[in-house]
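What follows is one chain in structure tokens, specifically the form predicted on its own.
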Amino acid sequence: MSAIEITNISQAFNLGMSNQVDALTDINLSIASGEFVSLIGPSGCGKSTLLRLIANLLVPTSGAIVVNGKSAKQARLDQDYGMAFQQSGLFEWRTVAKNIELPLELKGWDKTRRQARATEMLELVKLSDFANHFPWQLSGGMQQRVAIARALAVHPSLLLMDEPFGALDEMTREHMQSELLSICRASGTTVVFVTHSIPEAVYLSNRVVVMSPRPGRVAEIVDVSIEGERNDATRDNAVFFQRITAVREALRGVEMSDHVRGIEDR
């Protein structure tokens, strides 16, 4: 069963105006339930735009998106997904624990159950000692860890993540990557993950979608296919490095094609 079906999606901003920007063109992508798919490509290629279209935070210029068998809009209204952005988006007047509890409140969880889940998620992101702090009392990396905990709190069937680990130090980043995979394995969560890091994309993903420069399109899909459970040993695996090379070469290919098109357009 497909969790996400993207059909002939194109996205233009300022449509019909002199400053029109064609962000995406003719995107077709099917993501299976329980699959982890990363989007990678040059800056400005539309990775984040595509993620926002799936979340129904933007409406496509053309094409259709189906999420969990329903329209993207209905999936948003039904709260079918969690989302973590590049910026934490925490509410400054709520404590760390209360920020994590927010989606649980919206789902009608009782106070005891909310507090227990918030405690569990704070342990996961190694912030148990900061439950009663406010976001402005935390570093940027700590704020992002709270945002990730909030997105994971309801164990959503779909998780949309836009470079959520970018502000973390390397050790914490690797820990969060492994914990994210552990949660997804246990819950069967489908993940669409935007990143600029090739090793991160390969470590996390079943497939890596390589996008072309703007207007973004699906240039290549790299099947990661690393056998066994991902762990620290995976990062030393020969197949891991082979897949990193495959993604890097695909990115070089789209950059070279863009350079050639630029020369031809002169």
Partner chain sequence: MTTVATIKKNRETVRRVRRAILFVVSLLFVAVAWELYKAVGPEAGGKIFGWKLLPRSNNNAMPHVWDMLMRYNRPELRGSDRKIWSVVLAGAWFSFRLALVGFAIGSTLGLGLSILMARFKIAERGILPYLVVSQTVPLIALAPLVVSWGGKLHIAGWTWPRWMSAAVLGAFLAFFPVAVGALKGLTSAPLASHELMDSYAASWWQTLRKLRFPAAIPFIVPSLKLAASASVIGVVVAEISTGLKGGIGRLIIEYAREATGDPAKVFTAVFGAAALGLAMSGLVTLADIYMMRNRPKEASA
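Keep in mind the model is a prediction, meaning the values are calculated, not measured. Numbering follows the first chain given and starts at 1.
Missing here is the form predicted in complex with the partner chain; even so, the following discussion is about that form.
- Taken together, 81, 89 and 105 are fully in contact with the partner chain in the model of the complex: each brings a heavy atom within 4.5 Å.
- Checking 111, 94, 185, 126 against the partner chain in the model of the complex, a heavy atom within 4.5 Å turns up for just one residue: 94.
- At least one heavy atom of residue 137 is located within 4.5 Å of the partner chain in the model of the complex.
- At the 4.5 Å threshold, heavy atoms of residue 217 stay clear of the partner chain in the model of the complex, well away from it.
- In the model of the complex, none of the heavy atoms of residue 155 sits within 4.5 Å of a heavy atom of the partner chain.
- The partner chain is not drawn, but in the model of the complex it has no heavy atom within 4.5 Å of residue 173.
- Contact with the partner chain in the model of the complex, judged as any non-hydrogen atom within 4.5 angstroms, is confined among 191 to 199, 165 to 173, 115 to 123, 72 to 80 to 72 to 80.
- No residues of 152 to 191 lie near the partner chain in the model of the complex, the criterion being any heavy atom within 4.5 Å.
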